[in-house]
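Starting off, we have a lone chain in the form predicted alone, written out as structure tokens.
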Amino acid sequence: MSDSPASDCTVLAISLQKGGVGKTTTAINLGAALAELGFRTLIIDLDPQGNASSGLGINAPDDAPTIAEVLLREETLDSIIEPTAEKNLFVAPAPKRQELAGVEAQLVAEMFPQPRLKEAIDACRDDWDYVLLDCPPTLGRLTVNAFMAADAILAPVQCQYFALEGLRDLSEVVKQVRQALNPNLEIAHYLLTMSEGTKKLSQEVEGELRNAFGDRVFKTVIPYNVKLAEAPSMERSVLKHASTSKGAKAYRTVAKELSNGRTPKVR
């Protein structure tokens, strides 16, 4: 699965219009796995719950600037970025107090969506190998802003039929964004998550996804793994919390699939 030329930064929106499918888990742990490979990786936390920020130990003061101020064009993206405890992994944090909901209301008030996030990323794009956008589980203006900024979408798909239904909604929104706002946008990657391996339902969902989308589905499947659920409470990725767990090994393999032989930029 190649994604972009070796010299470029890749901006991936991690999105599916359903909660609990593994979006934030994927943002944190795929980001950590890419960072472990030497790629300078930024996670932008666009979810009002702020779980990607807290899950990596980013607990900035209440008055610290966040992605909310960037979207309001009051701060630059590089001015709000926080390093994590994991080498090469950084976070642009969400605010603690649900301020992103207020930002979304302001974005909705605009007659036409503005590429606020894209402008912010483009201003510092050369600093990064990968930028991962942890999107909210809704199709509001925050998600649309992410889709305007993204080179492609990575859709985590839980091994349940309701997640497949969410793909239909996502595909429709992508079609609309491509027509009006970002003509190159596509769902380039599908990642099966929370698989229970030998169970019939997991196998059926995997089969349907692979039949429909072929090699856009990662060969690696993320298993249901308690260590993945534990890691955020420890404020670290599963790669640091339980390095030899099935979840950590799976995300490392996904990172290798995604990077596909690419090497980090020399800085």
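It should be emphasised that the depicted structure is a prediction, and the values quoted were computed from it without experimental measurement. The numbering used is simple: start at 1 and walk along the sequence shown.
The form predicted in complex with a small molecule is left out here; the points below concern that form.
Though the partner is left out of this view, residue 224 does reach within 4.5 Å of the small molecule in the model of the complex, counting heavy atoms only. Within 4.5 Å of any heavy atom of the small molecule in the model of the complex lies no heavy atom of residue 203. In the model of the complex, the small molecule sits within 4.5 Å of a heavy atom of residue 229.
Within 4.5 Å of some heavy atom of the small molecule in the model of the complex lies at least one heavy atom of residue 49. For the options 163, 152, 194, 144, the one in contact with the small molecule in the model of the complex, meaning a heavy atom within 4.5 Å, is 194. A heavy atom within 4.5 Å of the small molecule in the model of the complex is found for exactly one of 248, 12, 21, 258: 21. Judged by heavy atoms within 4.5 Å of the small molecule in the model of the complex, the contact stretch among the candidates 204-212, 60-68, 237-245, 24-32 is 24-32.
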